[in-house]
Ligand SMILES: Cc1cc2nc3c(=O)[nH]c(=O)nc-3n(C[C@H](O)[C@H](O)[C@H](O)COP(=O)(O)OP(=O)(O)OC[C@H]3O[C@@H](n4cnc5c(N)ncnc54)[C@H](O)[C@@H]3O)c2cc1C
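Consider the single chain below, provided in structure tokens and representing the form predicted on its own.
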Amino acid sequence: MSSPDGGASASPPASLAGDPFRWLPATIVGAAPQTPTGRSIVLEVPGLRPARAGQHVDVRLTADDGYQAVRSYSLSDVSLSGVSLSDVRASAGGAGRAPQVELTVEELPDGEVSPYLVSAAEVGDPVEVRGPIGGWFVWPPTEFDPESAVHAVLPEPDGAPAPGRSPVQLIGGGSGIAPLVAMVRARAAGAAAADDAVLGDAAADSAAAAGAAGPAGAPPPMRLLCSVRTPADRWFETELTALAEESAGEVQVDWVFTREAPAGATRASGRITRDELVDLVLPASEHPLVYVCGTNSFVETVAGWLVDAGHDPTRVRTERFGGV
């Protein structure tokens, strides 16, 4: 599949003041395998609005006969989307730095779009993108407005720190780890910027505020629980291990294997149980902000167990997928 008319001039230049769901021409500028059935793809999207960790984009492919297919994919890296607004406006017109985002795709045997993105798409290929989309499943979180209807429906639990200062528990099933990796990366970027801010760099101070709890304090601790089929299915393993080691214990990564455990593992392969989940996540007493992403059944089961274990429903944010 390709974008209409080769993609480069398929859509008119975007405007930041325009519809955020407007389709934008994009180009694949990088790709890297992640697992035997998945890879990450970097898209350059002139005019794309700045993205936040946890958001997703819609990707549209158009066949030579005009047939179109649209799928939604979580962003696994938004760090390259943070260009200045002037750059974004300029890039929409063909000049200035163009925002880039990374999405991570798992090839599904009966899929229509994912096989193309994982096995056939090449650097230089055009696609179309709209978004970024989503304002609830994002980190750092959007603080509730006490006067808003949302706050009235979802009150914060008594004694809990503000969402932006709460510890963070991330739980991903399979490729559901993608938006969670973006959050771990955002935390790392915020921590680095906060370190620079200590040295008096005002720009870094601003970046820290945008990417973590804020320059007044260190980024909150994060714990990531990943459920995958086999050791070969560990997404971003090398990078996550490095980030955990560099965090001095503030970032922890746990893996659970459902079909094949690695040699020397103390846990046999199998789906995670309710008791294991409770042992592998931050306790409800710490009021963590919890993000769960995976298949419908995975998210439904895990979210239910979390609530049963005392986690406040307003602190459990979910993202689900189930299409092809």
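Note that residue numbering begins at 1 and tracks the sequence as displayed. For clarity, every value in this text was computed on a predicted model and none was experimentally measured.
This protein has a second form, the form predicted in complex with this ligand, left out of what is shown; the following refers to that one.
Asker: How would the site be scored, open or blocked, if this ligand were superimposed onto this chain using its pose in the predicted complex (blocked means 3 or more ligand atoms within 2.4 Å of backbone or C-beta)?
Answerer: Judged by the transferred pose of this ligand in the predicted complex, this form is blocked (3 or more ligand atoms within 2.4 Å of backbone or C-beta).
Asker: Test of understanding: in the predicted complex, would residue 112 fall inside 4.5 Å of this ligand by heavy atoms?
Answerer: Residue 112: contacts this ligand in the predicted complex.
Asker: Residue 142 versus this ligand, in the predicted complex: is there a non-hydrogen atom within 4.5 Å?
Answerer: Answer no; every heavy atom of residue 142 is more than 4.5 Å from this ligand in the predicted complex.
Asker: Answer for residue 104 alone: is it within 4.5 Å of this ligand in the predicted complex, judged on heavy atom distances?
Answerer: Residue 104 belongs to the contact set for this ligand.
Asker: Do residue 234 and this ligand share at least one heavy atom pair within 4.5 Å in the predicted complex?
Answerer: Residue-level check for residue 234: no, no contact with this ligand.
Asker: Considering non-hydrogen atoms and a 4.5 Å limit, which listed residue (178, 184, 225, 78) is close to this ligand in the predicted complex?
Answerer: The residue in contact is 178.
Asker: Heavy atoms within 4.5 Å of this ligand in the predicted complex: which of the stretches 283 to 291, 255 to 263, 269 to 277, 66 to 74 has them?
Answerer: Contact criterion met by 66 to 74 only.
Asker: Could you pull out the residues of 41 to 61 that have any heavy atom within 4.5 Å of this ligand in the predicted complex?
Answerer: Contacts from 41 to 61: just 56.
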